[in-house]
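First comes one chain, alone, set out as structure tokens in the form predicted alone.
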């Protein structure tokens, strides 16, 4: 930190106070956003923090002026938070910022227009990010992380402020998305339901009037929830919406959407192009797609094992594991095609022993009873049309469309 004189510290603090009060007076939301963006680590905010830690009596400056004292509670807590943040005391920074946020939300509630909505977004974003950092500090000191949960409660309070009639309600979806990020981080995704009900069933909200950015984020998280619930048609709709309207320049965001959309598409029988996987660095799906195309069960299992940790963290492992049935279907189809070429008259009769040999070639050692069980499941799930002749150990395939396509529907639907 460069040397700062007491006079320079006084000038920096006074300048910030004037800019804050003028931003409110003139309803200058963009300036107010910059003044509140802690996580940006902007040089002006860092230099202000250095000045505050040197001067030590910013509260006195605030009280001396009627212009400043009007926002005294907001500014005092904000300054204390910035001071703590600058010296790396993240828990204290969070506690002070939480008090600032409560005071700011109360002031925002009193403003008739929605001019400060973007500034409120910054407050919501910063409280979540600061809470995550504070929890890391608590964990490293052997204490229970609790600040992100507290931030979730504050965000719900903000949601309540916005969930009414008037122009401010368009901000409700942004806050909802911050709540989603909080709940997903905490592992309490069940708490998303009440917010979703408010957005999707409350008459005060028209989804189309929300900003596109927020609608994309909302569809991404609700799509992920549908993946967890194994409601793949709904997940496909929501994640496809998020992909369609996502800013094409935001490659990282597109990749995040595809991480969930690809397993969903695979589950309903839609296989992505190799170029898509390459363009967005989704190589973990390359062998899975190849296994589906080839009907190679061994390759699928190796791919799942290779990327097991990644798929488990994403919550898509079980979704991908269930692709085994489609791989079996593809293998049966390959056997059928080969048999049709060598013995067209009996192409629709697949001996279980032939299927078992094909599996052994893939290093999948199964006896006839296990093969029969798999074929029974494939027929039941409508992945194979036909019936099982138990005594002769033969699968008799339908002569019309023996291997139905999923056509965008989940297996067994």
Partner chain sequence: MNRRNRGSSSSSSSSRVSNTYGNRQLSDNPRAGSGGGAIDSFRRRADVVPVKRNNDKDESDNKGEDLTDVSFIVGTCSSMCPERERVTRERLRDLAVFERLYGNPSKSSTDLAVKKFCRTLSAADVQASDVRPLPVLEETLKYLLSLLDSREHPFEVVHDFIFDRTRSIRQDLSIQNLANERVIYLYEEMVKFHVISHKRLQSCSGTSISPMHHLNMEQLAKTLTSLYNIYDANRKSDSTHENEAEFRSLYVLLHLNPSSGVMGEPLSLWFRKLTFALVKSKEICFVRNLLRFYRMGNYKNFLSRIASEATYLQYCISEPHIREMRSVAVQYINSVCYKLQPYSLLRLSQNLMMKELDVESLCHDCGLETCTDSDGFTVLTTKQSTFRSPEDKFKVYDLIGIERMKR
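Residue numbers count along the first chain shown, from 1. This structure is a prediction, so every number in the text was calculated from the model and none was measured.
Omitted here: the form predicted in complex with its partner chain. The next part is about that form.
Contact annotation: residue 369 falls within 4.5 Å of its partner chain in the model of the complex, judged by heavy atom distances. The closest non-hydrogen atom of residue 250 lies beyond 4.5 Å of its partner chain in the model of the complex. Using a 4.5 angstroms limit between non-hydrogen atoms, residue 361 is distant from its partner chain in the model of the complex. A residue is said to contact a partner when one of its heavy atoms sits within 4.5 Å of a partner heavy atom; residue 31 fails this definition for its partner chain in the model of the complex, lying far away.
Annotated contact segment (heavy atom within 4.5 Å of its partner chain in the model of the complex): 144-152, selected among 144-152, 277-285, 262-270, 110-118. Three-residue candidate spot 321, 374 and 390; every residue lies within 4.5 angstroms of its partner chain in the model of the complex by at least one non-hydrogen atom. Think of it this way: in the model of the complex, its partner chain has a heavy atom of just one of 229, 244, 140, 342 within 4.5 Å, and the residue is 229. 315 is the sole member of 160, 72, 211, 315 with a non-hydrogen atom within 4.5 Å of its partner chain in the model of the complex. Residues 92, 95, 98, 99 are the ones in 85-121 with at least one heavy atom within 4.5 Å of its partner chain in the model of the complex, listed in sequence order.
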